[in-house]
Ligand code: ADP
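Take a look at this one chain, the form predicted on its own, written out in structure tokens.
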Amino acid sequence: MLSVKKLTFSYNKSPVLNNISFQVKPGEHLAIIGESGSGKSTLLKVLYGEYDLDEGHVFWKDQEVLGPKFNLVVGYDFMKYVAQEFDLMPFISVEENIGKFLSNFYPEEKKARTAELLEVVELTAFAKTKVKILSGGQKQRVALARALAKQPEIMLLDEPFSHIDNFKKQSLRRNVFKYLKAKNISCVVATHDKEDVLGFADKMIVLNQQQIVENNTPEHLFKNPKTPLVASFFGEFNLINNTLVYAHQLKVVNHSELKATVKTSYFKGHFYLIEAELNGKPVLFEYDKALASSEVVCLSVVK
């Protein structure tokens, strides 16, 4: 398993990560969330051995992951890291990029593996296309496939679907995480997108102020948000009587002490997000139709 023990790291004596500890079991998927600048990407780079630690240790099974002070070449065969900047070879084809590090001694196996990964990242039609003419999202998919090619024991993914448009993102996300689970590959993903977490991550840690402030299942954290930071990751929320309440937990009722004045209705597909005013403060709730501005409605919290 991946074992992180009291990890501390700083840039120029300014701490970015402080006393970080957690574990990831074989085949387990861990999501790391936090605001921009919270250290998500830095943590992945430290786990990969790109930087030297100030304090603490990182182990994969019995192997300690060490930084550039100890390794001439950064990284280990058992671990692959996919960053937001793609390290691809632009003048060769997609399939050549994916198969670049697979052995030529087994050409049929190499061909089959490349074809399988092209299908996972939905790029079969672009197999012969040179990488330099691909879009940013397509390049990100090539980078994912190439990292998977040698079937590592653990994958580190930094915003893995950030460049991919919504037409492909949902199916691609399912394909990649399903493939990792099927191959029992551990995964640590840094993300700002709840869709990378809900339905896919086994555990989720929240970084804030250089430390882990939450470490639990996504379901537990969704149902029991202790801070606005956690609630805001999952959706629109309100603070009512010092209690965090999601917009979907507020229902319109016939009678209630919570009387809100409607300001704006936003169409969200299968519901409207209603922005209103409650006791002089903004409040958000979901409703099945648009409401007229200045209309007064009664609200009740339903959890």
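Residues carry their position along the shown sequence, with the first being 1. Keep in mind that this is a model prediction, so the values were computed, not measured.
This next part talks about the form predicted together with the named molecule, which is not shown.
- The named molecule is not drawn, but in the predicted complex it has a heavy atom within 4.5 Å of Tyr51.
- Although the partner is absent here, Asn241 is not a contact residue: none of its heavy atoms lies within 4.5 angstroms of the named molecule in the predicted complex.
- Using a 4.5 angstroms limit between non-hydrogen atoms, Leu291 is distant from the named molecule in the predicted complex.
- Interface residue remark: Lys40 is counted as part of the site for the named molecule in the predicted complex, having a heavy atom within 4.5 Å.
- Contact annotation for the candidate site: Tyr11, Val16 and Glu35 all lie close to the named molecule in the predicted complex (heavy atom within 4.5 Å).
- Exactly one of the stretches 63-71, 40-48, 270-278, 250-258 approaches the named molecule in the predicted complex with heavy atoms within 4.5 Å, and it is 40-48.
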